[in-house]
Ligand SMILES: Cc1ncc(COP(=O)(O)O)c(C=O)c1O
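Only one chain is included here, represented as structure tokens and corresponding to the form predicted on its own.
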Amino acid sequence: MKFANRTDWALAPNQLSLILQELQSRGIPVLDLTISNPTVCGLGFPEDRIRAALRAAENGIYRPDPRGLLSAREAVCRYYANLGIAVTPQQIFLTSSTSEAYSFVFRLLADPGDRVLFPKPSYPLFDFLSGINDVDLGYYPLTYHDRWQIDFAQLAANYAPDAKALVVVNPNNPTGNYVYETELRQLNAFCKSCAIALISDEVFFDYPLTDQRAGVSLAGNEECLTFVLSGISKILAMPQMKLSWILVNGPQALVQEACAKLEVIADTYLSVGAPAQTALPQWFSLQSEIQSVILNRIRANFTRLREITAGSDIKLLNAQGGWYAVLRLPYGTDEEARVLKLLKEQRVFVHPGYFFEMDAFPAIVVSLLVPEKELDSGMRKLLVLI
């Protein structure tokens, strides 16, 4: 029997994963500087109140709605209102995850073999999402000059007529760059001239690394057909609760047609459970408390990384938001060899830059959610090897 071509992935673990598995199987402690699951980072969330919101009596009644329960969508509208953006429940479709949201939008926009443009570097997940949904993966580069930014000249050069959408991650993972107002104007002009849609993944939008957020949300973008994806896995640090959304905006005629078609797609799956939807308004009341804990952690860690690397051959690259940091290694460094050596000799696990299609220079990527003492200890061991 032959399985579908879309599943022809390289399933063998890489050398880094094999070494990590071996150490873990032998009970050898490893400092994991990649950990980004907020539920296991010792952040001290209000667990009792999170669970209490799941006890609503209406969870025992099934009221299917392809867009999601109205009360939950109204809660999402209030979230955007707090950002100064007016949206309506009719623009919102609830999904079980951002990955599912991507799938719905890809199914809406693209036929098999059509192209979607993604930023590079960015999520490794995009390789799988594009293949599973039968769309071709196209790239446009982000370049680093004091900060990461979209290379619009290369974006135009990489455009192909079979492209149906362009994805931005706002702020990008792992580079941490928001979409600036000037970039949004250029994105709108590009997408309108090519008659393609704009998809903005904003799961990390609420996590600027300074008090002043650098970029803008695309939730209010009306210049071209725009799909904003977000959810509570990051906004409320609840990946286990499985609730995300698609926000549709843009020219009214396109929005109406897109929403009518999305409703059929969503109605085919009806994937979001009632407990998460009914709990959402109460969970949003915890937003400030949860996010303040995370912001304190990621900002302290980013500052500490700058202090630790000052005067060394490792450069902490500027970032404006998100949960990750990129550290540029000295030019000429064998990135993979250095990461393997760090794991084998110092028992410290980091991601090499090539995991994120980062090929302009050697780099490593670490999570800013790691407990402060662990990050400090792991980085000091890294500096021993440089």
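This structure is a prediction, so every number in the text was calculated from the model and none was measured. In case it trips you up, residue 1 is the first one in the sequence shown, and so on.
One more form of this protein exists, namely the form predicted in complex with this ligand; it is left out here, but the text below deals with it.
Engineer: Could you tell me which of 92-100, 270-278, 289-297, 254-262 sits within 4.5 Å of this ligand in the predicted bound form, going by non-hydrogen atoms?
Structural biologist: Result of the contact check: 92-100.
Engineer: Between this ligand and Tyr123, Asp201 and Ser244, in the predicted bound form, does every residue show a non-hydrogen atom at 4.5 Å or closer?
Structural biologist: Verified in the predicted bound form; spot residues all in contact, yes.
Engineer: Among Val169, Val135, Ala197, Ala72, which has at least one heavy atom within 4.5 Å of this ligand in the predicted bound form?
Structural biologist: The residue from Val169, Val135, Ala197, Ala72 that makes the contact is Val169.
Engineer: Only one of Ser233, Gln149, Asn188, Ser130 comes within 4.5 Å of this ligand in the predicted bound form by heavy atoms, so just point that one out.
Structural biologist: Selected residue: Ser233.
Engineer: Flag Asn249 as yes or no: does it have a non-hydrogen atom within 4.5 angstroms of any non-hydrogen atom of this ligand in the predicted bound form?
Structural biologist: Asn249 lies outside the contact set for this ligand.
Engineer: Since only the chain is shown here, I'm wondering whether Asn301 would be in contact with this ligand in the predicted bound form (any heavy atom pair within 4.5 Å).
Structural biologist: The answer is no: Asn301 has no heavy atom within 4.5 Å of this ligand.
Engineer: Given that this ligand is not shown alongside this chain, does Thr226 nevertheless sit within 4.5 Å of it in the predicted bound form, heavy atom to heavy atom?
Structural biologist: So Thr226 does not count as contacting this ligand.
Engineer: Any chance Asn173 has a heavy atom within 4.5 Å of this ligand in the predicted bound form?
Structural biologist: Contact with this ligand, yes.
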